[in-house]
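In structure tokens, one chain follows: the form predicted on its own.
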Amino acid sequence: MNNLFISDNTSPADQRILKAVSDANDGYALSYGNDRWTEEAEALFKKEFGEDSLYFPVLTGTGANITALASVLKPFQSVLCASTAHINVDECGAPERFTGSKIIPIETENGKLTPEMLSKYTLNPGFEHHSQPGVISVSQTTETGTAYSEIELLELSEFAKKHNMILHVDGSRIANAAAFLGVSLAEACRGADVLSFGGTKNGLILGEAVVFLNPALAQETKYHRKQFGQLYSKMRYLSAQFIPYLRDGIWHENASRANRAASLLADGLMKKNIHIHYPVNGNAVFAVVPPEIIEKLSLKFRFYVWDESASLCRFMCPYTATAQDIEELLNSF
């Protein structure tokens, strides 16, 4: 069974990342981030996101999200997000459990929020019987594979500031968004206060990061990270990965390759009269596949039937996907 298209988590780690971890496995180093690799990684994050930004390595994407959200929320506040958001659908209620805050899912057409969608949730500020909106959380790219433009993010940022809210970006695939938009990582989360920075879907072995663009919000983050089991003792192995990833542009190289594979797949499917449901802005392809073809494909490939009632399937292209891999899948339709 071919596991390539079910998720970009199925791909192997980048050999350059493995080498960086191996090189860090030399002698003794202070624990919990008091090492030279974490110091170097932090400097690279500051170079990318600004000198005032703060870098907190964590173990998982869910860990990044709950650490980021708990740092900026009070328990009586809520998080506004798309109904498809990872924090709403795929984190087993972790954000609500660990923050005590309510998640408010909002229906969208393409996974993207707009100020207009959010307006009705700000009509009764201070009403003690209602959870108070505290955070707008967006995914970049979204769970439907679409990307926010810089202008769209700035509009959300301005809306958040106007209503005394925080803008959080779940950037598990921010590299794919930046590569698609042709911008830097910082520009791909323009206007955000805090970012969950992903890497494991794009070549890392394990580990993500919480990056505060607004450092004033991070005063309690180290305590939340510890309580949530996200403070890794041998931090050098997490941080060592981010050094070549950022310094050598591995993030852009791998994300661009994954995006090209998705575009190639989408083009091939359209030539077979398969409808592409969402714009392909990253490495995900959502296609409406006839049930008889789904059954046939399932004998050879694993992929995500996103909405069985609509025959909507997701094919995720990892950075390791080749033109030959895409051709093999297309020939099976």
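Given the structure is predicted, the values throughout are model-derived calculations rather than measurements. Each residue number is its position in the shown sequence, starting from 1.
A second form of this protein, the form predicted together with a small molecule, is not displayed here; the remarks below concern that form.
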* Given that the partner is absent here, does Arg236 sit within 4.5 Å of the small molecule in the predicted complex, heavy atoms only? -> no
* Within a 4.5 Å heavy atom cut-off, is Thr62 in contact with the small molecule in the predicted complex? -> yes
* Is Gln241 one of the residues lying within 4.5 Å of the small molecule in the predicted complex, judged by heavy atom distances? -> no
* Proximity of Lys112 to the small molecule in the predicted complex, heavy atoms at 4.5 Å -> no
* Exactly one stretch in 254-262, 104-112, 165-173, 219-227 has heavy atoms within 4.5 Å of the small molecule in the predicted complex; which is it? -> 165-173
